[in-house]
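Next up: just one chain, as structure tokens, the form predicted alone.
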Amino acid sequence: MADFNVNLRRFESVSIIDVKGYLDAHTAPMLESVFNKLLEEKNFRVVVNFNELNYISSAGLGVFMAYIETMRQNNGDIKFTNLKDNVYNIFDLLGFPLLYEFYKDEKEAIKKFIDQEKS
């Protein structure tokens, strides 16, 4: 089984998901579990930090697609940060930059959420 780890932490009103290793069909349920927990707790502002993610498959991409509308319908969003070139290229190839916001680091993504709260 591929090595994958997911960690959830908070900064003010923003939930931060750290993903590490290989996100594929075998490991995607771990990430889905975190998103389900966020929905149950009504936490809809999410930053995903890909700093330690080495690989993502279509099943991994599908997890984000499954939750983005629910987050947005509740005045939240999913923002992506710290993607390695090989992982970003997969998102880019499938047109995700048109649907999602990508940032170089998580501070930028968190700031965007906080600025939106103030406006």
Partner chain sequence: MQKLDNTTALRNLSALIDFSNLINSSLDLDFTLNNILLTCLGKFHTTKGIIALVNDSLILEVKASKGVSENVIKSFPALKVEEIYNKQEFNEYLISNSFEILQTINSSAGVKGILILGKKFTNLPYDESDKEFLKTILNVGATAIENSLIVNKLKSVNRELDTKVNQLKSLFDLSKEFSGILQPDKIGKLLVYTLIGHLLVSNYAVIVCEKDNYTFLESSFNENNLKTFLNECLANKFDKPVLSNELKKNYSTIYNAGIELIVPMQIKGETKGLILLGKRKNNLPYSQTDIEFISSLGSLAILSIENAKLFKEMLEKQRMERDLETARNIQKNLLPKTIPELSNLSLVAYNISAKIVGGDYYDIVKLDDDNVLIAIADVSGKGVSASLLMANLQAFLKSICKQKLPLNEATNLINDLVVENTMMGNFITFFWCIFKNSTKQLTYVNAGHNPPLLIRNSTITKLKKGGMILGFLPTTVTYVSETIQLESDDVIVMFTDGITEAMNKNFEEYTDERLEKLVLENSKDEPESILEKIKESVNEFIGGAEQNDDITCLIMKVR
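Positions refer to the first chain, counted from 1. Note that the coordinates shown come from a computational prediction; the quantities given were computed from them, not determined experimentally.
Below, we turn to the form predicted in complex with the partner chain, even though it does not appear here.
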I have 3, 8 and 21 flagged as a candidate spot, so tell me whether each of them has a non-hydrogen atom within 4.5 Å of the partner chain in the predicted complex. no
Is there a non-hydrogen atom of residue 102 within 4.5 angstroms of a non-hydrogen atom of the partner chain in the predicted complex? no
Examine residue 40 and determine whether its closest non-hydrogen atom to the partner chain in the predicted complex is within 4.5 angstroms. no
Report yes if any heavy atom of residue 85 sits within 4.5 Å of a heavy atom of the partner chain in the predicted complex; otherwise report no. no
Look up in the predicted complex whether residue 57 has a non-hydrogen atom within 4.5 angstroms of the partner chain, and give yes or no. yes
Exactly one of 34, 53, 71, 63 has a non-hydrogen atom within 4.5 Å of the partner chain in the predicted complex; which residue is it? 63
Relative to the partner chain in the predicted complex, which residues of 70-88 have a heavy atom no more than 4.5 Å away? none
